[in-house]
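Next up: a single chain in structure tokens, the form predicted alone.
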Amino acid sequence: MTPLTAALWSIGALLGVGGLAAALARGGDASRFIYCLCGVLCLILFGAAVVPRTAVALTATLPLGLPWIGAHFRLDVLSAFFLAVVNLGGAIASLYAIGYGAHEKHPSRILPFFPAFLAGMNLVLLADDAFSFLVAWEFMSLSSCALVLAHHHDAENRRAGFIYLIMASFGTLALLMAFGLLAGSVGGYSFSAIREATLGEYWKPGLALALTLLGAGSKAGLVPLHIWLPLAHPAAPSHVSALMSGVMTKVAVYGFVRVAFDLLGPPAFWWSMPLLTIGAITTVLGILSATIQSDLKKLLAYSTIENVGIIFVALGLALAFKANGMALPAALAFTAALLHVFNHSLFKSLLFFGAGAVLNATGERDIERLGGLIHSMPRTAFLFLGACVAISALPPLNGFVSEWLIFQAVLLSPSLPQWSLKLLVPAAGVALALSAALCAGCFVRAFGVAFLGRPRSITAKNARETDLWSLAAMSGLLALCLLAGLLPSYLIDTISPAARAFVGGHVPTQGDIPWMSIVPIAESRSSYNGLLVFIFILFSAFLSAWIVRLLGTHALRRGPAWDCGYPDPSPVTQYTGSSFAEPIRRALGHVAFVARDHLDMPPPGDTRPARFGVEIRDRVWDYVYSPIQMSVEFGADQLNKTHFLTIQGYLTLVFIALVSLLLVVAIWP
């Protein structure tokens, strides 16, 4: 049995598990059984992606889909990489859900759609014709929308599901138009026919690229198509949020890479410019919005927007270098993008799992009502801290490696011949550097307010450590983050075949470099060794502890803590997340959102307490989507009047329509 055949059978089994879950969910708690089956099938799919094989793509055709072409499936080096990312995330999410699912009040709303969601994502990666791709894409969107609406009794969740469904439909429509343009008048909807066809006119490839960017970007969360993401991800159960944020957004990245680097043919240099611009804007706006959030899951959702922007900046660099025939820099940027895809899937899943553990233990997502959890949930606190270090791009964890590689590609931009790119790429690099600094501050705030200090509520004070299944899943993810940071050379060499196939080059083989270092271009330019950095950090920590112990006294001395003049302060006097983010909000916040302060100060003599609040509104929503919403409502109100016309009115409308059609026919050549 070939890996592709095994993958297709496993996807069929996932669909069968969804049907089985629908039958069993109402009869009792079958969550552990269903999640175990999902985990096993995801491991089989992961094995189908990573087993040794030749670089030749595997193909299969099934008598489904459009009658004249059938359903085509293909497993090549690119789809295999993303297949591994999706199913590694799916397997660990299934393990986490074995424990997390026991706390779910309505498992029948989740169990049938969870395996269907996994199957839909896998089908997108294996589809080799436009019809199968779009059907799988829509199936993925609808099943994930059902998971977002699992807790539909909450009005905010219903709103999140509605907006997500609208944006998903818009994305599918954009992709449908892109594939229609690529297929041309002959209707060659198979990817092999699209590769062989030529679009000819200068504007057609650009239009197809723009439509693909709209379709895939709406699913990935690119600004200004991101509005659904900070609503839908917090609304879903935490293991589903991890899949949507850490995995589904990468399926969207795959869709864009498949079209831009494969189906569109040789690129023009200007294709990279919208990617670099939109990616840089997405990166900065995403992390600025994350910095001010008090809802822990919404904070993580906005940080996903930031990381998607980082990936698209790297893809824009790869397109720019490829268009200019610079194979090695293109391969570096492409490799960095795919490596960040893998790294983000790990640490973002871990962060959502940690947020789910906190939510189960306290019932709270608001970090202002948490605090002190490091004492009651020490293991979760340690694992969440590790994920915060990884997403902040600090060595020796994996987030540093991929972002460092992207900066190495940015430093090669002066060799580009176009002055527009010479100016745009450094500007994108500055945006990446700013977002990296803001990201570190964002997660210092998130961890410090949620886990340190004293409990700010009774629920936080009474919290207990999460279950062993969840801890096992989170521990595995942190171990993978550490391994990917210490030994990135193996991952880079794994990605190299995809870089060779899609950008025409590859970075030097990292496995041949001694001491497990990575050298993306040449040792004279730059190199990095995560293992040596890790050893140095451990040595410095132990040396510092030994010196303190050697020079310090063994006598125990106790004294009152400095109380700033407020003896026995209440926990509410601690630094809050809002106060932590206030300087950034005032300095940079006007770029990303509109903030309005509301102060209710009673007059002198009135004993009522003063109240202060801040209203935060997304500029994109106010300036883009609110006018669209008002226009649609106005148009609907006007059209509604046509339901109450007289017979004469209807006849007049018919007469105007007929005259208009006759004029069009007469004028049209």
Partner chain sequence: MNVPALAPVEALLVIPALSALILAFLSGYRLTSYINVISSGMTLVLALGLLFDRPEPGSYLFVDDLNIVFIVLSTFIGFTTSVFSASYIGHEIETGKLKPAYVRFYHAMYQSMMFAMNLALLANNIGLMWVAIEVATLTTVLMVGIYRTPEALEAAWKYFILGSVGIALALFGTILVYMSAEPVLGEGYNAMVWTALMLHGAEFSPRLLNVAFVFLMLGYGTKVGLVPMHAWLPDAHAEGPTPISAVLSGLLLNVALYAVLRFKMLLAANAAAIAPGPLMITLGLASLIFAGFMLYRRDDIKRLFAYSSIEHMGIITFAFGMGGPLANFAGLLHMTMHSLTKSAIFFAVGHIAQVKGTQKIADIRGLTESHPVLGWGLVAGVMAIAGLPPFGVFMSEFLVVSSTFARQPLLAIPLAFGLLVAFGALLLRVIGLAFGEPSDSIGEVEASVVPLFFHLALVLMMGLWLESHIVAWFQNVAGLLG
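Positions refer to the first chain, counted from 1. None of these values were measured; they are calculated from a predicted model. Here the rigid core means the biggest group of C-alpha atoms that line up within 1.5 Å when the two forms are laid on top of each other.
Heads up, the form predicted together with its partner chain isn't pictured, but that's what we're talking about next.
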* Option from 221 to 229, 348 to 356, 125 to 133, 274 to 282 whose residues, in the predicted complex, bring a heavy atom within 4.5 Å of its partner chain -> 125 to 133
* **Check all three, E138, M177 and G180, heavy atom within 4.5 Å of its partner chain in the predicted complex** => yes
* Any chance H598 has a heavy atom within 4.5 Å of its partner chain in the predicted complex? -> no
* To do: Answer with yes or no whether L64 is in contact with its partner chain in the predicted complex, where contact means some heavy atom within 4.5 Å.
  => yes
* Asked: in the predicted complex, does Y189 have a heavy atom within 4.5 Å of its partner chain?
  -> yes
* **Non-hydrogen atom contact D637 with its partner chain in the predicted complex at 4.5 angstroms** => yes
* One residue of W469, W270, F593, F170 in contact with its partner chain, assessed in the predicted complex (non-hydrogen atom, 4.5 angstroms) -> F170
* Asked: Which residue, K461, R369, R195, H152, has a heavy atom that falls within 4.5 Å of its partner chain in the predicted complex?
  -> H152
* Please check if G12 moves between the shown form and the other one, taking a CA shift of 2 Å or more relative to the superposed core as movement. => no
